[in-house]
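Consider the single chain below, provided in structure tokens and representing the form predicted on its own.
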Amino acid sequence: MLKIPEWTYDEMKQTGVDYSSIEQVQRYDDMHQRFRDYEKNSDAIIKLLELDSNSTVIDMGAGTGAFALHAAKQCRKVYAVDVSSAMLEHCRKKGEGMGLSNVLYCHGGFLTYEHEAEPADAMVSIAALHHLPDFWKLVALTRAAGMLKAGGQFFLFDIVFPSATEDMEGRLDAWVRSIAERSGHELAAEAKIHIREEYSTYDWVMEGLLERAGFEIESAEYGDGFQATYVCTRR
């Protein structure tokens, strides 16, 4: 059992939207499946990382299983890790309904999950790291690197803000409006909560954190809506 110092950041507490209830988690899954193609997105990541039937993968911040459950169809073993018990239970029920037997459902996160198996081939984390302040992001990423084999890959997707931009207020307003137009006012409300209460950082900070944690950044892509995608290799 991993011993957690008392001064460690409590990653189990909800930051932003509260996903501690089954009802809220179901609403989340229903809403996101209206504008995200889970299987298509997962296949793209699997192809990018060149994962196959021999690969073991950690999905850090697995949520309702958007990536983990589809990766399990193509990989040897998937560790679905999440700090929300409700999210994890929803993911488990979906996985069992799909007849998957190679997914391990693990309650924890970047700071608390202890990977006791052999180092994994890859880790995928989608929109989870921003729940941690920057100091704890480095702790989290260093621990993530330690869970991977040498040369293992880390795929990180998150909201990351540009360090050099004019009229950030205008860009943030435009981002919220575009989400409302594309995906509805409910998700736009979550974007406002994200800006106000969560811990998305700057691009130069994120790149520095990844490198100091022991990763080589193979690619860093910054898209519309402050979406950032990093593909890294553990040095």
Ligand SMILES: C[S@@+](CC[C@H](N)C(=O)[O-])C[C@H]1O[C@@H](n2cnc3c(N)ncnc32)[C@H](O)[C@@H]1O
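Since the structure is predicted, the reported quantities are computational estimates derived from the model, not experimental observations. We number the residues from 1 along the sequence you see.
Only in words, not in the display: the form predicted in complex with this ligand, which the text now covers.
Proximity of residue 144 to this ligand in the model of the complex falls outside the 4.5 Å heavy atom cutoff. For the chain shown alone, residue 137 is not a contact residue for this ligand in the model of the complex, no non-hydrogen atom being within 4.5 angstroms. Put simply, residue 156 is far from this ligand in the model of the complex: not one heavy atom of it is within 4.5 Å. Under a 4.5 angstroms non-hydrogen atom cutoff, this ligand in the model of the complex has residue 126 among its neighbouring residues.
Across the options 48-56, 167-175, 62-70, 205-213, residues that bring heavy atoms within 4.5 Å of this ligand in the model of the complex belong to 62-70.
A heavy atom within 4.5 Å of this ligand in the model of the complex is found for exactly one of 132, 103, 120, 75: 132. Across the proposed site, 161, 228 and 231 without exception lack any heavy atom within 4.5 Å of this ligand in the model of the complex. Contacts with this ligand in the model of the complex, taken as any heavy atom within 4.5 Å, map within 70-99 to 82, 83, 84, 87.
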